[in-house]
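This document opens with one chain alone, in structure tokens, the form predicted on its own.
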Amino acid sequence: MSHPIIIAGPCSAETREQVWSAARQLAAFRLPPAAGSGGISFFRSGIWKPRTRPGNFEGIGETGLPWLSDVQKELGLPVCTEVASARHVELVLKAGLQAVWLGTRTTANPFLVEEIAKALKGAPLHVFVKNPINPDLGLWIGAVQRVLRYGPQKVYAIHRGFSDYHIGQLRNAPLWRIPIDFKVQLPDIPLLCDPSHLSGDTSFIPDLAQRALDLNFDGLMIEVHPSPAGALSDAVQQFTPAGFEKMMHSLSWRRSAPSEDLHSEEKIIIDAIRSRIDVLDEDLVDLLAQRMSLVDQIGRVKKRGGIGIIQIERWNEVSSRTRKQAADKDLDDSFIQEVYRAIHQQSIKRQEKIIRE
């Protein structure tokens, strides 16, 4: 496996001491042998923090730039911070930092991305582009293309989840099919995952990080704070340095070896499409489970009402509708009939079991 891209550090730069404490401990971190040699690729820390509501900590501002610059110079860690305006880019370039990222709210605004991209023209920076806050693949791809148009060669994408009113336990909805589709369309752009923002809670990060690695993501962005309980932003989703190391060493760092029979670009595209298929397969299984749960509910109602299991009119209606939908989507008629016959037979079996019980 090639060396993954690992970005780690506190959500926000709060004090010089806090930044240096995190940086020193992360500078000593080493990846497990299975992941390749070396440590983190970039030290991250936000100095401008766009918050959802006013009154929350919105970052230390340019006061923190010398702290980050000194970390880069004295510890040899490339430093990455968020930029949300052309002015931010100018200040970062003046401070000599090596990398920036565009946040999810910024990516959602093409006018703002265009201004930042122009400011990045010819800059020797690594540029990371997070997905927009809404699940819009075109908007994400467009943001990356805007940056590429002005010359930076080292451009990456970061999947950090999408805003969704009903997301369960996670802070943001993963919607894995979207980053996989991104990889299919832009196979040459390295794709990272930010499980800190996906989860909103460190307890969920290991599973999300593992999922990203299993889907052949190129790296991870993880929030790490020397004392998360006292963090001024996103405390619950930040690891201690020791917790970060433990989590990273618990992951399974595996990737399939490239085939000698395929050119590298073809291999990347095929891997991305296969990952998309894997995600869709999981969605199919989940949808089938939901459908069978509803079938069970109907079975219990039929049992109470003394209603027969097989309803020919209903089956004919479902069959006709699905065959028409399949034809509209260029699916083979015999294939879709076979699939739905299998679903129908399984539905009958489940309702027969309920009635016998």
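Since the model is a prediction, treat every value here as computed from it, not as a measurement. From 1 onward, residues are counted along the sequence shown.
Heads up, the form predicted in complex with a small molecule isn't pictured, but that's what we're talking about next.
- Across the options 103 to 111, 85 to 93, 175 to 183, 200 to 208, residues that bring heavy atoms within 4.5 Å of the small molecule in the predicted complex belong to 103 to 111.
- With the partner omitted from this view, the residue of 50, 39, 32, 308 that lies near the small molecule in the predicted complex is 50 [heavy atom within 4.5 Å].
- In the predicted complex, at least one heavy atom of residue 130 sits within 4.5 Å of a heavy atom of the small molecule.
- Taking the partner from the other structure, the small molecule in the predicted complex has no heavy atom within 4.5 Å of any heavy atom of residue 126.
- Using a 4.5 angstroms threshold between heavy atoms, residue 19 stays clear of the small molecule in the predicted complex.
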